[in-house]
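Presented below, as structure tokens, is a lone chain in the form predicted alone.
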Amino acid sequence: MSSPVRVRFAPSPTGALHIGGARTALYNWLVARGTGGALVLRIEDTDRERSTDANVAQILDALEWLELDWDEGPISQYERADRHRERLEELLASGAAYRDTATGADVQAFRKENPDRGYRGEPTDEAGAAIRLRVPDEGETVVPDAIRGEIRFQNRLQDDPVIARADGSVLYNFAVAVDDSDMGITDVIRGDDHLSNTPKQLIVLQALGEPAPRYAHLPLLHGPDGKKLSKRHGAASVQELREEGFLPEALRNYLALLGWGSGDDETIMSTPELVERFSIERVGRAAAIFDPQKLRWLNGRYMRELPLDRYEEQLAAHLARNDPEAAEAFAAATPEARAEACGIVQEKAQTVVEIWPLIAFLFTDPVDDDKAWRKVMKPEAAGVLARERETIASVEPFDAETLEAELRAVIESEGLGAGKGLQPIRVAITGTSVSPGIFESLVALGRERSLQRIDRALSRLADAASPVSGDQG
């Protein structure tokens, strides 16, 4: 009986969790959850200058927001230094590793003179010597890759790599191999920028007499321009996407599809569906394109289908992080008012960021959008707005369906289209020309507050039309 799958996500805490790292974390999580296996979270923090507690906290925050839980960890690689040195001594004792005084420049010079073979050092007992791993002179190191098939590296072309400094502190490839072995990792799923490290890690494992995990090297993400994904393509980190208003479930769905094919054309898949259907063998070899516009479209679909209470929670959390004054205004409203506001905007907003600007007029004074006022509130708007005010004041019942029927009758009698006929109401009650549906907005604002705002708009129109404030030529 095969052993349970054990995967690991092993970020280096030298910055925020970027999009490619988030996809790697997701793929490992999907494999663990889909097989009943375990996910180990290991923080590869041996770069002490760049590995900070703040960066670790950012990574954990991003994973928690994405709702990617782990079964073991977080484990600090740095804190395992004693174990690394213990296993290093084993290799020194067996002759699989040796001390060598050659510098990087020495190795470069050797390679220039011997382009057909890798550097092999001379063992020494001198103080200040680094420790190198002895690579076999003949044969191949074969990386069995679930995505790319077998990848072969000629041993004679590989240098004996440095695996520890003179002070005994080990380098990345040695620490990773020891950690993967000690943690019982069966499958290593990571970006293909690590592919060149893999033969070194396999030789370490072989020298230690440990079994090798299976590997899957994911193609890197590119932007829509076909170049490696970077800051210039938009949000580079999970936290930035969160603050731009994307939902974790939409981001999980989108990231899962970056390189992986479900076998059909289905785009929208719940997380349980992803867990059930995901297979690392179906990940393609070509670079996947991260398209912010496609993510935005997918997020809009999720926004429209979100339960209203969760929709409200997402907005409240976003405001609490980014606009305390707005958060206070929203929280001060009645539960019914908050729910109604979210309900009328749910079909319109594609990201959480877009919600508040559309419904703020229900909780605060209208904005002062001078451009919208000058475009819509021409002198001729006063007449139709006054008639619409009369209808709003008297219509019964005061609901969206009745308001629509009665107000459309007014603008038809004026010979106006919906745009010219209804936009004055929108600007009067919201202050701007973009809002949720106008009839639903009137109901949510309420008759009394709607009339007060329309009266202020009519008064402003009248003042602009008076000889004193008019054009002085």
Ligand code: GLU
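What you see is a predicted model, and the numbers here were worked out from it, not measured in a lab. One rule holds for the numbers: they count along the sequence shown, beginning at 1.
Although not depicted, the form predicted together with the ligand is the subject of the following passage.
- For the candidate set Arg190, Arg338, Arg132, Arg252, a heavy atom within 4.5 Å of the ligand in the predicted complex is found for exactly one residue, namely Arg190.
- This chain lacks the partner; the member of Phe110, Phe363, Tyr172, Tyr78 within 4.5 angstroms of the ligand in the predicted complex by a non-hydrogen atom is Tyr172.
- Note that among 353-361, 205-213, 172-180, 140-148, the stretch whose heavy atoms approach the ligand to within 4.5 Å in the predicted complex is 172-180.
- Contact annotation for Arg99: none of its heavy atoms lies within 4.5 Å of the ligand in the predicted complex.
- Not displayed here, the ligand is kept clear of Glu440 by more than 4.5 Å at the level of heavy atoms in the predicted complex.
- Contact between Ala25 and the ligand in the predicted complex is not found at the 4.5 Å heavy atom cutoff.
- In the predicted complex, Gln452 stays away from the ligand, with no heavy atom inside 4.5 Å.
- Of all the residues from 15-36, none has a non-hydrogen atom no more than 4.5 Å from the ligand in the predicted complex.
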